[in-house]
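This document contains two forms of one protein chain, each encoded as structure tokens and listed individually as structure 1 and structure 2.
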Structure 1
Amino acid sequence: MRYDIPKPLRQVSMVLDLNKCLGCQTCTIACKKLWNTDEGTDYSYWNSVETLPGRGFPAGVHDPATGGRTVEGGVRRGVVPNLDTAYGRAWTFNHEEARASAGAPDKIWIRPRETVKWGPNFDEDQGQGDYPKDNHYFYLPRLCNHCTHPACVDACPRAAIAKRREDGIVLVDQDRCHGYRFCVEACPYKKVYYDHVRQVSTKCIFCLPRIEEGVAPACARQCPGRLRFVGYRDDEQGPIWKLVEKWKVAIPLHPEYGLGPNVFYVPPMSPPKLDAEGRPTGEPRIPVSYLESLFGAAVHPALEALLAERARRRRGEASELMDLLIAYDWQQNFRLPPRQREVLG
């Protein structure tokens, strides 16, 4: 990092329990409808949900060759994803023509006007393995990690991206931005997007107007799986601290890039593989080595802790961790004291 990024006073943070995600994309739409319906950002998803194993969104995002960081945490040249082949163009449709042809002999059916090459959820539910032996997949909802050492901030020659002092939210100053897209290129999570109409970068703002009012981001509030926790990292009474620091079951995605993500995941447990005769084995369907490629070595103790606590709960013993993850009282998923609202110029 060449820029001096002052440590924020507090860091707002999110934990997502992947064991509960249904892949419903409610979060995606909640976010999109709120922030991202402009023509130049129609293809972009500040919040996206991927099926993994899979190519991710944008396609190739988990391939170390696309991000601007080496797996040792150094800088390397990344890739600006292509609209057709990596993001997927926001196809437009021909509803009017289709309706007009209802009585005609040649019927026109609703379909994309553009050539379809890829889309934000294109390999949904594809996964890997053979039915019924070891077929598997899980959903990975992703948003900007509001990193402690953000590659996007580091990449901008105009210093147009900054981390807010109050809560560590990483924001693009679109008045400063000249649309050079080094941030898009550098972020290994590909969570800065380019508004190709306004020609500036855009990214997740962690719903900051809501955060200032003490309301969790739309993706978290609307999640029917109740799998998202929102709060401040230093709040020892809050769910973030408990899951990240105390129980150590919530771990960052791709820690190898060294950006210090502030979004954490509870890794997915999975039912056993079957052997050739169809008998359940002791091995989980989602290979732990695959999870390690996403979450690093910390996935092992995290899974062990989860399995141990789940077993306790099954034996009828108390488990603070399981109670927290079950989210009996969903309002407790969010601990966000309202703040004096900053007036943004």
Structure 2
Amino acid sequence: MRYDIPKPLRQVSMVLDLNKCLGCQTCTIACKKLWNTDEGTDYSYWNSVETLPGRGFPAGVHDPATGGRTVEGGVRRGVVPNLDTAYGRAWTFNHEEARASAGAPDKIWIRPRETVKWGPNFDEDQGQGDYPKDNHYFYLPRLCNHCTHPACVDACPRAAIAKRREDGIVLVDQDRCHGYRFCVEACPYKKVYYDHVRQVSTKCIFCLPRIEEGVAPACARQCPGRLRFVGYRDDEQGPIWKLVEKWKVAIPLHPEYGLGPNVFYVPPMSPPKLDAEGRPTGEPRIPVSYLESLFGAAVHPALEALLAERARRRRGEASELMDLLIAYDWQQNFRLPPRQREVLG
């Protein structure tokens, strides 16, 4: 195993404001249509949007870590998600039967041929709690975190996964990959997928060709909620540095995995619960303890800063943070200078 992953010259990163996610799956479709239309990528969702509280995708991904790093920095052995119970095998439908009944008095509706148990977004909009007192849910878009200490890199015995020196993007060299799936096992976020036709691992490449031209990834550009910010961690004039380092309201998902994610989230605020008479209690509907299980202890000061700055804005006072998150100028969400290519002699 290799623990000497070199630090890149710069690290490209993304921040997602969960207070603005619509759950529309536009990002998922943009990614899927661009990168995962080939046979063998049926269950590959480099970008996905989950409803939480829920089982996530693959199912159980937010349960205690199956992968990541040990306290000593080694790779923690995990599991490869099961196709039936974690990903959800593709359903078959009665299309022929439905078409044949088109002219009949009693039409047959399209429905799955088998008993449906699980699939992507199977628990979408389900949430938890009792309506109208404390029902709640929120959306969590997920992609590869392009980690600072990626376990998938060390787990691969073929040295087929590497972190780019130029921008920190983690890539799979599919010419070297032998499909052992140790990377799938090691990634606790389960964002490495296995192409069962070509028998190689696949994962989000952060829309690398677009990044090199100074264009944000498709998932970010197509987002109608303007919730995604893309840039470099060290750019103090850009949105990433301001949200992560200055205001500290953008925090990583499951920091306890020890991988140093470079995708960050602004945690969701929520309206208050209601008492038996329908009066607000002042207690947030989304339990802060649940958010802490996802984002760690940093969620507490992050929420405090968000609430304080929102209160300032409501009083008519200026707030750089609120103006940044509102994204009045959508183009300012992306700060990606094109890559400076070497001049060949």
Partner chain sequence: MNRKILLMSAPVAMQPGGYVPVAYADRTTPVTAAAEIAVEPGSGGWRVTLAWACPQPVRETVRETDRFADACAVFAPEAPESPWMTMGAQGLAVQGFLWRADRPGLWAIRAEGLGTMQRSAATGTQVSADWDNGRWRVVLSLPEWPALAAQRRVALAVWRGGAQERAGLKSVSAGWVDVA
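Since the structure is predicted, the reported quantities are computational estimates derived from the model, not experimental observations. Residue 1 is the first residue of structure 1, and the numbers go on in sequence order from there. Superpose the two forms; the largest set of C-alphas matching within 1.5 Å is the rigid core.
Participant: Of these two, which one is the form predicted together with its partner chain?
Facilitator: Number 1 is right.
Participant: By the 2 angstroms cut-off, has the C-alpha of residue 67 moved between the two structures once the rigid core is superposed?
Facilitator: Result for residue 67: yes, a 2 Å-plus shift.
Participant: When you overlay the rigid core, is the Cα of residue 116 off by 2 Å or more between the two structures?
Facilitator: Comparing the forms between the two structures, which are aligned on their rigid core, residue 116 does shift its C-alpha by 2 Å or more.
Participant: Does residue 226 move its CA by 2 angstroms or more between the two structures when the core is aligned?
Facilitator: No, because once the rigid core is superposed, the C-alpha of residue 226 moves less than 2 Å between the two structures.
Participant: What Cα shift, in Å, does residue 94 show between the two structures once the core is superposed?
Facilitator: Its C-alpha shift, to one decimal, is 5.1 Å.
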